[in-house]
Structure formats: structure tokens, C-alpha cells
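Next up: just one chain, as C-alpha cells, the form predicted on its own.
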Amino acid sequence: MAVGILLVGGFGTRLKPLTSESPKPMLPVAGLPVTEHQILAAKRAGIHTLVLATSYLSEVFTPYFGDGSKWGMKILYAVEKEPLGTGGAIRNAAQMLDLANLGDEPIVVFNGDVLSRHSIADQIKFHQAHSADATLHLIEVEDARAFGCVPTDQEGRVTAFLEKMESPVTNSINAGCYIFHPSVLDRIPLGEVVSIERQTFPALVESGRPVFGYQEQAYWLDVGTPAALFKGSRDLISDEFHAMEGSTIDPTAQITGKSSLGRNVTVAANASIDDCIIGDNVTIGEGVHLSQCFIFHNAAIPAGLHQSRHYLSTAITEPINL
């Protein structure tokens, strides 16, 4: 068993204009919010309590996820009033978990804009088998220059955290899922700006504490840009398109390019939708042609509209840089 913290407080600046009306973890991917995909992964790993560390548009999360009973777990909420960095956000959320009474129960921390299919359960087992203070999921990339890298020794123990460089010593990078012993989070100062990557992890390594890298080369994607979000949605769809429950599609409509349709979407006659992400409760009018568009929840697209690479909602119409 384990508990978890999901970091969902970012502003999503790289995802503009998609995040103009929604926090980035609530953007739909293959019909479900990114956060819901992560909650399902947490559930599969045996996590029974999950704290959502929120900030930007924090009020959006509670009505959707509630107390977590729909997913068979307990969901709590920690609102970050001022940006505290990754470490500060984790420490703020950890207050909800009563660290003093967790014993050795592992704490799993998820990055809110990463889709990963690695085995969190196996990462937890690795962490416990090595009696680690912290265990990071590491993946190999072809070119680590854009990421910074995390070298390890033969036993998997992390030896350094290196910034971006022209000649990385390894292609292993931090994939954004961490497992901590509760005592580690208790040492992060509360209410201060702290970077887990630049301060906490290097300090643990320098002091000789057991920090390990769990290597698993599974599907992994940072959905921090519009192009990546569209790719992530396509990657999770096996058929020509995916439609959630309650959607109605006219027989003469054409939907292609692994488009995703949310709940209660209506697509009228002779509409054409290619490589689009469409939210919940959207109406697509007759003869509409959309290509690589993001349609926000509750939008009504008028008949005859032809549009490509745009964000469309009831309030905003802006181009998307894909």
C-alpha cells in the first residue's frame, strides 16, 4: 500500500491558449483529463490516498474528482496560494498525509503533465527492496541535452543530478515519478520555495543518503505543449477515433485522424473532423470542417464553419501552434 501526491498546480504557459480556461492537468486526452489518467494509474499501483497539489484554477478539480470514491480511493486537496516550487508544493501537500503516522509507507509523487505507462507498483517494490530515501523513475532518451541527466552506479544508486549540457555523461533522464520515505518530506522546509530537482535530490546525494534510479523503458510523454497534448491523445486511441458515452454522430459525418470526442458530443450531418480534441457537451453543426482543432467544453460550432489548427470555445478563438 502507498499514498500519493499529484502535482497539478502549474500555469501551463507553454500550452496557451489551451489553458486559458482550464488548468493543464484537466485538459482532455483521449476523452479523459490528464489527471484522471494518472489517478487510474495510481489506483492500479495500490495507492489508497492521493493529494492533489493545486494552485491555478484550483476550484476546477474538486467538482470533478470529489472525494475520490468513484475511483475507489481517497482524494484530498492542498491549495498552493503562492508558487513554492516543486519541493515546496510537495511539502505543502504532505501536510494532508500526517507524515508522523505513516511509518515506512511510501509516498509516490507524480508530475501533473506526464503520461507514463511504467509500472508504479514495480517502482515501489524496487524502492522498498533498496531501503531507499528516494527512488526516481529514469528513462533513456536518444539525446539528453534538452533534459539534464541522472547518472547511476552499477547498483542503480544515483551519483549526481546534472544540468543540461552539450555532452551528457548518460542518456538517463528524470521521468517525473518519485517515491519517498516519509522522513525525507519531513525535512523539506514548510512554506518556502524549494526545488526538489535542484535542491532536495542533490542534497540527499551529497550527504550520502540512499537515492536510487528505477530504470524502465516504458511509454512516456511530457504533454506540456499543444503538439505533445495532441500526440498523447492520438497515442491512447487505437481506432480511427474515440467517443465517450452520450455522443451522437450523424451517419454522414466523417471522423478521422484518431480524433477524441468527450461526453455528450453531437456531430451533425456532413461534418468532417480530423485529428481534433473535442471536450464535453459540444455541438458540431452541419457541414462543419475541422482539422487539428481543440474544442473546449460546452462550445457550439456553427454550421458550415471551416477551421484548422485553432482553439475554439464559447469565449475564445485563437490559433494553435502545432
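Residue positions are given as counts along the sequence shown, with the first one as 1. This one's a predicted model, so the numbers in the text were calculated from it and none came from an experiment.
The next section is about a form of this same protein that is not shown, the form predicted together with a small molecule.
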property: Close approach of Val3 to the small molecule in the predicted bound form, 4.5 Å, heavy atom; result: no
property: Non-hydrogen atom contact Pro17 with the small molecule in the predicted bound form at 4.5 angstroms; result: no
property: Partner contact for Gly213 in the predicted bound form: the small molecule, 4.5 angstroms, heavy atom; result: no
property: 4.5 Å heavy atom contact, Ile295 to the small molecule in the predicted bound form; result: no
property: Interface segment, criterion being heavy atoms within 4.5 Å of the small molecule in the predicted bound form, picked from 119 to 127, 230 to 238, 142 to 150, 79 to 87; result: 79 to 87
property: All of Arg91, Ile188 and Gln199 with a heavy atom within 4.5 Å of the small molecule in the predicted bound form; result: no
property: Listed residue that, although the small molecule is not shown, lies within 4.5 Å of it in the predicted bound form (heavy atoms), from Ala53, Leu290, Val29, Ile39; result: Ala53
